[in-house]
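Below, in structure tokens: the form predicted alone, a single chain.
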């Protein structure tokens, strides 16, 4: 398997990979050249549309199916259509995406299509009660669907510790419990939250919540959930320390116990991923900045095979 960028004609990042109809589909964000300033709010990540890509085999050709959703077609969006995800249920396909609304607050939108590659027709308003970024949708074996989300700093999760947006919200530090990502079950039509989002507890080896000062292990962004041998694996990025980590649990709601690192820091500031089984093997999709020689907002998608040990632990990717 090549370690080279999968997609070379566009800058792509934050790859959400799924197997639909026997093919591997990749739903990344689409980086572009921008004159926006580089800062902790992520203004340099100024994306406006989504392309969908597919592969018949892991080493095969990558097909670009073109623009599946454009910002100009989503009435509530002002800017920054960041990392998306997709899901299939009820014979339809759903594209979930975060974006800043006209009030500069991130919400999560959903668009519906008849094919995995789209095109997708967006709902006219964001999902009710949604906030922050990085939606990831997991459809369990019983056909119940859950949405995972959250990202701090520019992703605004720190502004939502109360019942409404607090512009002065800060990330906890020191021994205070770290900010927690969120999960909510989705309605059967996949278009709204079926419940108030819950906090996802990520625990250390002693059963205590990870601390705000534990930047090597605490959640920052890039939630993902997959299931392996009956266990639920919640994986995520530590953000400013640039690790991809995972935690294991017995329920899609958690709690999850920290399990270790999946990937060490890559070239570029961000790290964001997905984990998927395809033709009997497990793969980690992620991004770095090889194509742009390290320009942090011009990224490219890569894939590598991952493995589990006899206890179900994910072995660190090379």
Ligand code: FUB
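Positions refer to the first chain, counted from 1. Predicted, not measured: the structure shown is a model, and the values here were computed from it.
Heads up, the form predicted together with the ligand isn't pictured, but that's what we're talking about next.
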query: Interface residue in the predicted complex among 83, 86, 202, 244, criterion: non-hydrogen atom within 4.5 angstroms of the ligand; finding: 83
query: Exercise: residue 272 in contact with the ligand in the predicted complex, heavy atom 4.5 Å; finding: yes
query: Contact label in the predicted complex: residue 45 to the ligand, heavy atom within 4.5 Å; finding: yes
query: Residue contact check: residue 286 to the ligand in the predicted complex, 4.5 Å heavy atom; finding: no
query: Contact flag, residue 183 vs the ligand in the predicted complex, heavy atom cut 4.5 Å; finding: no
query: Candidate stretches 127-135, 194-202, 173-181, 227-235, one within 4.5 Å of the ligand in the predicted complex by heavy atom; finding: 127-135
query: Residues in 10-32 close to the ligand in the predicted complex, defined by a heavy atom within 4.5 Å, in order; finding: 14, 29
